[in-house]
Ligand code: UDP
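Given next, in structure tokens, is a single chain: the form predicted alone.
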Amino acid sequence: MKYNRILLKLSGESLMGNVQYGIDPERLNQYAAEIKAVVEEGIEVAIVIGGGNIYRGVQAEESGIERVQGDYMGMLATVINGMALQSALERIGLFTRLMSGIKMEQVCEPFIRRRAIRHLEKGRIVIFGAGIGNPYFTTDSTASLRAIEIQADVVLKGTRVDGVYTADPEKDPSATRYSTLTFREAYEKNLNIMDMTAFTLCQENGLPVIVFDMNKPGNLLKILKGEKYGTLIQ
């Protein structure tokens, strides 16, 4: 395997699958099966999942809710998604731990870096919920920070397209996919891969990012076996 410890970043919207809102059980079970295939190869897996299928903090001002309050609402949405993914993973025999940036002992552990690393070393899947516990930070930033803290080898950003394109491939049929990019090229081309904070954290700490299509079965395992798939930013 090319990587030993990974951080998988999933968007909340990806969990909607074929439904208009919330969580699609079929998509949830598909993701759980993909993750199980990776864990069975001995890979240590940490996961950060967004909450956009339930609530996005950036929507706060549009609805008249204060931005900080809206961000906390978004963080709670990520915990709901984390609990759903945890349940799906445990249903197929995997061991998990849900860790939160906001204390809520009844449903998850508080994030403690050394404890998270120990869980990974014991073969448990660690799901990070509630962002970093502070407003104004996206789940992309959370993924980058947590990956650095747990000394992950790579951030794998699962999306619904198979990499980074010159334009939106769903709108522009002439768009072409990049196989590799540097962080500087991504900045200069203004490619909306991750927010600037997340990107800067990865760049300054030498942490590569791979953008790939998580919805196609087998893609996650292919990347970990070293197959050139998706777009590598390093």
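All figures in this text were calculated on a predicted structure; none of them were measured in a lab. Start at 1 and count along the sequence shown; that's the residue number.
There is also a form predicted together with this ligand; it is not shown, and the following applies to it.
Taken together, the three residues 13, 75 and 138 all lie with some non-hydrogen atom within 4.5 angstroms of this ligand in the predicted complex. This chain appears without its partner; in the predicted complex, the one residue of 154, 84, 132, 116 with a heavy atom within 4.5 Å of this ligand is 132.
Considering this ligand in the predicted complex, the lone stretch of 44-52, 178-186, 196-204, 30-38 in range is 44-52 [heavy atom distance within 4.5 Å].
Although the partner is absent here, residue 142 is a contact residue: one of its heavy atoms lies within 4.5 angstroms of this ligand in the predicted complex. Among residues of the shown chain, residue 162 is not one whose heavy atoms approach this ligand to within 4.5 Å in the predicted complex.
Contact check for residue 149: no non-hydrogen atom falls within 4.5 Å of this ligand in the predicted complex.
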